[in-house]
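Let's start with one chain on its own, the form predicted on its own, as structure tokens.
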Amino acid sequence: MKKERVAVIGSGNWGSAITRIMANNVIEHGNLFERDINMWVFEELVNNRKLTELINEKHENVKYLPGYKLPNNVRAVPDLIETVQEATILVFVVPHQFVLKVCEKLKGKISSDVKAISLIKGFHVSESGLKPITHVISEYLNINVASLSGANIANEIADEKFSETTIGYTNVKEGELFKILFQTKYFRVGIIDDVVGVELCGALKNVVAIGAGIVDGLKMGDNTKAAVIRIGLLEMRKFMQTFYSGIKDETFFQSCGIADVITSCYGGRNRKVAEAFVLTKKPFEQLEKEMLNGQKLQGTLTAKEVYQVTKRKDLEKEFPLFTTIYRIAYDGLAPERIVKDIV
């Protein structure tokens, strides 16, 4: 039986953390996987050294996941096409706004029997509305794409603290293979036949986390924050079931649903930056640069993308929390309206 060869497209905080898991698992399950993993790194300079050289020399992503060693079977590669050569499994984990350019470069460069899984949280905006990232990848590359999302703060997983995640699949055999690739004793994987549901939970929870951070910045307390989380979950489900067919109710009770919303609203980067937005009065764009060490803030962009769709369909009032978060982030609405405009 031909062994699967894994390539990772992305190398940020989350990409590096999850690559540590996969690199150990391909060795443990050597009957299924080739030993070496290529990880595509967008080349940049760190202390006048190329990041790829530093990663390969120190076996550590010194910029995005400092202090955590990458196994020796991970190779950082600055060239995207070289990264995916001979790969049969592609793991996509780049900011969602970069997916289209990545797919354009990969088109025609991979075989049709390649399998892919997206760990990306966001949408692609087109004239017809919001398109799930898995659909973008699948349509561009003509391959099957699963999704992974959950209550997964990267540094806690790198610390090997117990957590869960969810994989959405369309092909159960691929879902089971991906479970083997990702699961460890401390990283528990559930699988469900709902690719888009898993994926969209991961995107929309970032908007709710922005709301939670605003509440924290205003010192409104735990009762208010719990209310925003509950309303956010309801709007997530309503949005997904309004615009996409086949979303399963049980998906919201997986790690990708309620668990991810909770952890993002208490410990994620979107919550942290939104709190700073209220306290410092600085714009989100400036805070992203100051606070995230080159990482991208997904929640505000997703709020904008969601608003574009609801406004086009004249449904803003059907999603008062999402609409209010958008207006606070982009229209200068006072943060205090976070509670006044959602009831």
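All residue numbers are counted from 1 along the displayed sequence. Keep in mind it's a predicted model, so treat the numbers as computed, not measured. Here the rigid core means the biggest group of C-alpha atoms that line up within 1.5 Å when the two forms are laid on top of each other.
Just so it is clear, the following notes concern the form predicted in complex with another copy of the chain, a form of the same protein that is not shown.
S.K.: Could you tell me which of 92 to 100, 225 to 233, 193 to 201, 127 to 135 sits within 4.5 Å of another copy of the chain in the predicted bound form, going by non-hydrogen atoms?
M.R.: In the other structure, the partner sits against 225 to 233.
S.K.: Any of the heavy atoms of D249 lying within 4.5 Å of another copy of the chain in the predicted bound form?
M.R.: Residue-level check for D249: yes, a contact with another copy of the chain.
S.K.: Indicate whether another copy of the chain has at least one heavy atom within 4.5 Å of a heavy atom of F243 in the predicted bound form.
M.R.: So F243 does not count as contacting another copy of the chain.
S.K.: Do K219 and another copy of the chain come within 4.5 Å of each other in the predicted bound form, heavy atoms counted?
M.R.: So K219 counts as contacting another copy of the chain.
S.K.: Whether R188 contacts another copy of the chain in the predicted bound form should be assessed with a 4.5 Å heavy atom distance threshold; does it?
M.R.: Close contact exists here: in the predicted bound form, R188 approaches another copy of the chain to within 4.5 Å, heavy atoms only.
S.K.: Identify, from the list A151, L106, L181, V114, the residue with a heavy atom within 4.5 Å of another copy of the chain in the predicted bound form.
M.R.: The option sitting close enough to the partner is A151.
S.K.: In the predicted bound form, does every one of V46, E53 and V207 come within 4.5 Å of another copy of the chain, counting any heavy atom?
M.R.: Judged in the predicted bound form, none of V46, E53 and V207 sits within 4.5 Å of another copy of the chain.
S.K.: Would you mind checking 326 to 343 for residues with a heavy atom within 4.5 Å of another copy of the chain in the predicted bound form?
M.R.: The stretch touches the partner through V339, I342, V343.
S.K.: G267: after superposing the rigid core, is there a C-alpha shift of 2 Å or more between the shown form and the other one?
M.R.: Indeed, G267 is displaced by 2 Å or more.
S.K.: Answer yes if the CA of D222 moves 2 Å or more between the shown form and the other one after aligning the rigid core, and no otherwise.
M.R.: Moves: yes, 2 Å or greater.
S.K.: Once the core is aligned, please say if the CA of L321 is shifted by at least 2 angstroms between the shown form and the other one.
M.R.: Result for L321: yes, a 2 Å-plus shift.
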